[in-house]
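Just the one chain here, laid out as structure tokens, in the form predicted on its own.
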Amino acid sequence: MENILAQAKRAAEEAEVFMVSAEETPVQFETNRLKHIQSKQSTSAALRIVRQGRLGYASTTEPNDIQNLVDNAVATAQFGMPPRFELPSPVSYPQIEVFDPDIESISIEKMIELGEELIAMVTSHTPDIVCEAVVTKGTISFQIINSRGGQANYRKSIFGLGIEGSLIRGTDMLFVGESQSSCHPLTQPKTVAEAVIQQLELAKNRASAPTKQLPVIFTPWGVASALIPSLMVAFNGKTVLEGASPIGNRLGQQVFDPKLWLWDDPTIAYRPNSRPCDDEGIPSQRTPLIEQGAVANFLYDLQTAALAHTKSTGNGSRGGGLPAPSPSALIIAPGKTTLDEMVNDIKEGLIIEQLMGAEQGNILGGDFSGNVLLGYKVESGKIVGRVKDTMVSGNVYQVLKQITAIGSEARWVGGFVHTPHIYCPSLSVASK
């Protein structure tokens, strides 16, 4: 990295090198059996320079080919945008624990055993279910160094356990699934299996949904699939700068229900999306986004923060190109109502576990609509069965403006969203 930086400094006024080395071992199961085991190693380097007042950028998976990397960055600089920011000087970072050496000592045999155990628990409940599962372990090393003396490096461990099951009986197709991830080894598949078994139990009976406005409970998975995508776009500093965010000019204003609190927090120990700094070397912090229903902040990287005349929130993320603002771990504060209390309150309504195609709506405007991939009908305070051929549609800002209740228990979904159940008074439901 020092050699790349030294050579880049000879060709440019400012330079920054970002390097990621990853090692991953996924153990995959298909149709209830072990399919394949694969170990993957990768190293990539990205160089960002400021040359003649413009940004240049190049990346490579061959970090030793320094000259080519620098030449490519120089070549792109003539077309680059002017930088509005300064690269960070040396700074201290919070101590965020994200590495557990025990993950490296988990053997392939143990991972196979975990996957087989997970599938066995689910198939013992429903023998004709067809399952796909994956058990993954990995370690990732991050390093950043720049021409102003700023530097950061940390190592992260990741372990994941997930299963998806499909049950096909004639024309009836049922899809269930659950996953967990951590920076610690996950050696107890029982929690994941029990969640899938509960889905299978609730889906045993069939129920029909009417075509009308109904109260709806979004489970954590339902919140993640229906509501989170629009919020991620709305709070992105780049969208705000472009004038495309519906809440971009509503800072400090009440937009959502006062019960709603949302923040971004990459400082929680041993979570896969936690880190001591972002991909530009800015220290990690907890950033409030919604406080008592009011818009509190937006998420920025260095460039968008400078253009917005504010400071980076430590959300610079590299998805294969120049850094851009991105959430790390979105957290919705739990409320005081249990799921049972929510269900008991409903005379007729739905519980939405998974919505398919929700992102096909106008995400910028907050609209969502999709097929209920997995959802249940509630009648007179009881879950009576699974709904089929049912669509729901709504607008995130309308749904979250008036919330009947927020669940008292929250859980992680996909490693980057931590949310409770959310109970909404009315949503448009259409059924065949």
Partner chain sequence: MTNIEAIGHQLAEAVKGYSADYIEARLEESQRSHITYLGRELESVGQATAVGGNVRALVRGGWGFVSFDSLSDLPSRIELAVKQARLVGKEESKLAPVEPIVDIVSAEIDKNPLTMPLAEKKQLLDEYNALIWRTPKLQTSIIAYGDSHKKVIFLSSLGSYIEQERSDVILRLTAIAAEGSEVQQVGLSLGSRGDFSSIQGLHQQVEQMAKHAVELLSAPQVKGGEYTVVLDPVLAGVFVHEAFGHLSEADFVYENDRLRQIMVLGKKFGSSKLNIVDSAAIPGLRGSYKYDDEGVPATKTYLIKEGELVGRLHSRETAAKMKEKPTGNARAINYRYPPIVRMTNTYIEPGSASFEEIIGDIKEGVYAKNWFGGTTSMEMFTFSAGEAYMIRHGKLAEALRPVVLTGNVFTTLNNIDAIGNDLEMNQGGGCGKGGQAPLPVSNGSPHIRIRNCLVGGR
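Residue numbers count along the first chain shown, from 1. A quick note: this is a predicted structure, and the numbers were derived from the prediction, not measured.
Below: the form predicted together with its partner chain, not depicted.
- Site residues S166, K238 and D367 are all in contact with its partner chain in the predicted bound form, judged by any heavy atom within 4.5 Å.
- Taking the partner from the other structure, its partner chain in the predicted bound form has a heavy atom within 4.5 Å of a heavy atom of N362.
- In the predicted bound form, its partner chain lies farther than 4.5 Å from every heavy atom of E379.
- In the predicted bound form, its partner chain sits beyond 4.5 Å of every heavy atom of T136.
- When its partner chain is considered in the predicted bound form, N72 lines it closely, a heavy atom lying within 4.5 Å.
- Of the candidates Q52, Q67, T61, Q402, T61 is the one whose heavy atoms come within 4.5 Å of its partner chain in the predicted bound form; the others do not.
- With the partner removed from view, the residue among M81, A269, V91, L251 that has a non-hydrogen atom within 4.5 Å of its partner chain in the predicted bound form turns out to be M81.
- Contact with its partner chain in the predicted bound form, judged as any non-hydrogen atom within 4.5 angstroms, is confined among 167 to 175, 94 to 102, 333 to 341, 186 to 194 to 167 to 175.
- The partner is not shown here, but in the predicted bound form the stretch 236 to 263 reaches within 4.5 angstroms of its partner chain through a heavy atom at K238, E242, G243, A244, P246.
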